[in-house]
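Shown next as C-alpha cells: one chain only, the form predicted on its own.
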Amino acid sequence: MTAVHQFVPALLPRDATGDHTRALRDAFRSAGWESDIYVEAAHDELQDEATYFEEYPARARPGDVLLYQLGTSSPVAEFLLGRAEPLVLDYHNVTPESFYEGWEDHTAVKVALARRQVAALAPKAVLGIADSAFNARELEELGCPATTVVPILVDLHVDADRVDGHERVRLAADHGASTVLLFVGRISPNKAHQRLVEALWIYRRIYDPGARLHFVGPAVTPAYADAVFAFADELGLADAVRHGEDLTEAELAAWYQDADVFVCLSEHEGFCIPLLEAMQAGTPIVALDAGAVGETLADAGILLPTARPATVAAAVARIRGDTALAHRLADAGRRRLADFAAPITRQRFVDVLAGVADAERGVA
C-alpha cells in the first residue's frame, strides 16, 4: 500500500499551512493510502491529529514517501536530512532575512536558518512541489533535481451565510460612503504596510478626504507594527487606519465585503492566499507585481509595476470611478478562483505523489 507521511514544523488551526496539511492527509487517505502527520509541535486543538516527529523511526515502513511542508526553520529539517526514505518538498517559501534586519534580529536569524535548511534539503529531495513558479525557481536554483507547481490546497467555497452581517453593518456605519482600502496579511516588513499608509495619504489629499485603510492580520513583528502605526499618526491618519486582529472567519468575510478595493503592496510573496479571498468576496484588487503576486493574480486585478503612492492611489481611484471596471475585475477574480478549486488541486497532489511512489517501486 502507498504510504505518504507529512512532516510540518507546527500544526496550527486557522492557519494556511495547517489547513493545507490536514486537507492533503484526508486526500491521501481517500485515495486508499496510509498517511499521518508528524510535527515538532501541535496546537492543543489538533493534538489528536498529529504525532511528534521523533516517533516516526519506530513506525517507518519500506516504501514510505516523506512529504515536508517547508516554510520555516525547524529541527524537522535536520531529522529529514538523515532519513533514507524518498523526500518530497512542498515549498511555501521563506522570507529573506534582509526584510527583518533592523526590526527583529532573532527573526532574521530564524529565517536565515530556514533558508539554509532549504538549500540543504533541495538537492536531497526527489521532487519539489511549489505553490508557484516563483517558488519552483528558488528550489531549482538550490539544486532540486525536479520541480512541479501545484497551488496550496485551500477550500474557499463558502455560502453567503458565512458573512457576519452585524459586523458588516458596524463597519459601514463607521465609514459611511468613504472609500475603504483593505489589506489582509501579517504585519511584517515584507508586507510593506508603510506603502499602504503612504497611498492612503495621497488618496485622501487628491480623491477622497474621508478614505479609510483597514489592516487585518497579526502584528508578528511588533517593532515594525509600532512604526507603521506611528507613521500613520505622524501623517494625521491615526483615525483613518483600523486594525482587525483575531477576527472570526465570518467577521473576516465581512471586512472583505465591506472594502471597496483590496490593495497588496507586499514586496515578497510566495503565493498570497488573501488574493484568492478577495476574489471570493468579489472585491476588486490592486497589487504590486512582486514575488508570485502576478502569477497568482493573472488578469483578475490591476497589477502595478511600482508601489509609488500616487500610482497606487490613481489605480484605486480608477476602480472607484468606474463601476463597470469594478464589476469586470470582480468577475475576472471569480473566474480566476476556479483555477484553484480544491477538487482540482487535491487530485493534482494525489497524482504527483502517486508518480513518486510508483517511481520508487520501479513501476513504469
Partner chain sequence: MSPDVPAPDGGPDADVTSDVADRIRYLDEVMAEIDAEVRRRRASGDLPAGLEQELDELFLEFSPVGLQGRARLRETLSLVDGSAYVDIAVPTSSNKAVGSYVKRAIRKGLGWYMNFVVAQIVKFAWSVSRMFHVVVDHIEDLEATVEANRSPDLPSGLVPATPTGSTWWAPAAVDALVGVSDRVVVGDCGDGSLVEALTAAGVDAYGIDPSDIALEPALDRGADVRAEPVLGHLAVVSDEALGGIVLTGSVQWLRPNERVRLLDLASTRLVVDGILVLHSSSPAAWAATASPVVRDLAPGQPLHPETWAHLLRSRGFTVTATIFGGDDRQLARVGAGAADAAEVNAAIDAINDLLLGPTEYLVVATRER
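Here the structure is a predicted model, which means the values were calculated and not measured. Numbering follows the first chain given and starts at 1.
Keep in mind the form predicted together with its partner chain is missing from the figure; the text below concerns it.
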query: Heavy atom of each of 186, 334 and 357 within 4.5 Å of its partner chain in the model of the complex; finding: no
query: Its partner chain contact at residue 194 in the model of the complex, heavy atom, 4.5 Å; finding: yes
query: Close approach of residue 256 to its partner chain in the model of the complex, 4.5 Å, heavy atom; finding: no
query: Contact label in the model of the complex: residue 141 to its partner chain, heavy atom within 4.5 Å; finding: no
query: Contact label in the model of the complex: residue 275 to its partner chain, heavy atom within 4.5 Å; finding: no
query: Answer option from 49, 54, 34, 339, heavy atom within 4.5 Å of its partner chain in the model of the complex; finding: 339
query: Contact residue in the model of the complex, chosen from 66, 42, 27, 302 - any heavy atom within 4.5 Å of its partner chain; finding: 302
query: Residue stretch of 74 to 82, 212 to 220, 102 to 110, 176 to 184 approaching its partner chain in the model of the complex, non-hydrogen atom distance within 4.5 Å; finding: 102 to 110
query: Sequence-ordered list of residues in 60 to 83 near its partner chain in the model of the complex, where near means a heavy atom within 4.5 Å; finding: none
